[in-house]
Each structure stands twice: as structure tokens, then as C-alpha cells.
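Taking the form predicted on its own, here's one chain by itself in C-alpha cells.
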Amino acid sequence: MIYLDHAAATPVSEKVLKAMIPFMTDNFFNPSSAYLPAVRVRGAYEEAKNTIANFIGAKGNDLVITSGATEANALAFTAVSKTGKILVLETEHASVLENVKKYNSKTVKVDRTGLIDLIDLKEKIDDNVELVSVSLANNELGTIQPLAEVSQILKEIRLDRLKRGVTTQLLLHSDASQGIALLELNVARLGVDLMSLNAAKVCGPKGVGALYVGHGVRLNPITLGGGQERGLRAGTENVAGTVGFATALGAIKDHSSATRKKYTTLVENLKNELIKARVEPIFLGNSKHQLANFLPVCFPGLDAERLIFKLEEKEVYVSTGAACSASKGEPSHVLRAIGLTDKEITGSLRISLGVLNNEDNIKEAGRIIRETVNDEYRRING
């Protein structure tokens, strides 16, 4: 098997699994209970939260542990009042776009590479906009957004509002799920008020995420019950998952620079194989501002879904875009937003590298993909 869809899911590492098992067996206690074994479990849980928070330059009390980035995004948007507006990128993940439908929302344009149009952003921020949501890195293109620049724009608008006596809040939220494994995150430097994280993208367990909540940001709980997570997320804490998430982040913290270099080389090697195909590929995204492990590519005139099935027969696994969109059989809203034609969208693949890839299997993958593309080209053209 050659797995090239790490943007969709990553395998749980042995180190992570080993750290989690005790909290599913011997240390199974409810962390809200009063007796000593449960108190110790509570301590392990809080320590894990601190580790996750420290990874983004925050404190454990700033985090709300969730079931993943989807729930974190939904919770973040509760910061907006009934009369407030939300602005989001038109290329955001479905968990953002679907959740903001509950609010008065508008989308902000991107350019042909998926980068935010800052002029369009400025023009759309009126005095009723309370929150702007911009992903750290796009989940289909790998395009890295200039969050610090967005934050500076919002800071200037806040100052202008203050001078004019407008008291409406203006918050910046970012879904950082896709970039967490390869980018150095610091909430202060990025200037975000809310940030969503996902353990499943960093060889941690699925079903675990977190929301960073900046000081002074007020949220409304979307689940009620025992008052866990400062009353913002009721339910017995997922201790094993949180410990697994913390362990996964600890494993990547000191290796991000070397990992980026590794993926840059592997992606370049794969590109060199693909450009030998009979159909000249179009590489998507922004080459100067792109996650090092991403290689979104278009083979105009070919059917990407048919390519995927043909590659699956040879045990090479890629996708046509976000797994949640692909499962619905819908064309990618991200590729449509960057101006691709229907023909180009139909021929587009998302290739994303990760821990299961090395020089040998990338070389083999390049050969198999190239040959499969050539076979499809010959079939279509007789």
C-alpha cells in the first residue's frame, strides 16, 4: 500500500497508542470523581491540556477539549450575537461553511492560488461584522493564509471603530487543523482570538480536538450537562484521547523543520515523475505559500474519480479533495472558487504526503500514477 491521503487521516502512532491505553484500562476513572485514583486521572488530563496549549503558545485554561475541529468550529461561532455578521473564506472547510449558515454570513474571495483577497476582506467588514474566520491552511490546496496580515487589518478596524464610538467586537477565528503538523503556531504572533485544532491530522486519535479561546471572548455552550470545560462543553472528559493528542504534538514539536524539508524533497520528486505523463499536469495552489506535504494536481480531460479507482486497484490511495465532500459526490467548492473549469475540476486529484511515505514508495507512486494517467489518456483517445 502507498497511502497519499494524509490530509484526510493519519495513522495513530505507537507512542500515542501506548500513552492512551492505561486511561482505557487501569486508569479508567471519571476525572470528576473525588477519590484519589480519579484525582490522579484529573491531573493527567490537565497536564495533557497544558501540553496541547503550550504547543500554540497558550495555557491549559484557554482550551476547550472537543470531539474534533468540526465541534470546535461550531463552538467558536457562538461568540457572535444574534445581530452580528460572520465573514469566512469561500474556500473554507465544510465544517465552517455549514455552521455559519445559522448566522448572517458572507464569503470572502480568494485568488487563483487560494490566497485570501485582502482588499475584498476590507471592503466587506462593516460595523456589524463580529467575527472573521480564515483557515491557517486550506485542506484541499494546502495554501497557507497570511493570518498575521489579516489580524493586523482587524486591529486597525477595531481602532477605527473605537474612535467612532462603535463597540461591536471583531474577532479572528482560524481552523488550524490542516497546518498543525508542519507550521509553527503561536496564537499571539498570529493574532487569533479563537483557534480550532484536530488530533487526527497529527497521528493522534480521531474524535478529539480543541478550541483555543482568547481572554475576554465569550461563548455559549452547545452541549449542556455537568458543566465540564468551564461550562462550555458538558460531558465526561475524553482523558485517553486528550493524552493521545498531547503525546502526538510532543512527538512533532521538535521535528517540524526537518519534516518540512523531507516533504519538500519528496513532493519535488513526485512532481518530476508526473510531468512525464502524456497529459501535462497543472499543479494547483500557491507554490510559495503551500504546506510542504501537499501536491494538488489537475490532469485536464481525465476523470479523477476513475483514476482513483484505477489507482486503488494498484494499492495507491489518493483523493479528489476533502473526504467529506468526495463522499457526497459533489464537485469541490474550493476548486470552483479558484476559477477552475468543470473539465479541470473533474480531472483534479489531492495528493498529501505523511509519515507513511519515503523516497522509495514516492518514486513507485510517481511511476504508477504516471502510467495510470497514460493508460486513461490512450483509452479516451483511442
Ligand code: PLP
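Residues carry their position along the shown sequence, with the first being 1. These numbers come from a predicted model, not from an experiment.
As for the form predicted in complex with pyridoxal-5'-phosphate (PLP), it is not shown, yet the points below apply to it.
Out of the listed residues T107, S95, N286, Q145, S95 is the one that sits within 4.5 Å of pyridoxal-5'-phosphate (PLP) in the predicted bound form by at least one heavy atom. None of S133, T242, S177, N293 but one reaches within 4.5 angstroms of pyridoxal-5'-phosphate (PLP) in the predicted bound form through a heavy atom, and that residue is S177. With pyridoxal-5'-phosphate (PLP) omitted here, the record of contacts in the predicted bound form names 87-95 of 259-267, 234-242, 87-95, 156-164, defined by a heavy atom within 4.5 Å. A residue is said to contact a partner when one of its heavy atoms sits within 4.5 Å of a partner heavy atom; T247 fails this definition for pyridoxal-5'-phosphate (PLP) in the predicted bound form, lying far away. Using a 4.5 Å cutoff between non-hydrogen atoms, P31 does not count as a contact of pyridoxal-5'-phosphate (PLP) in the predicted bound form. Among residues of the shown chain, G68 is one whose heavy atoms approach pyridoxal-5'-phosphate (PLP) to within 4.5 Å in the predicted bound form.
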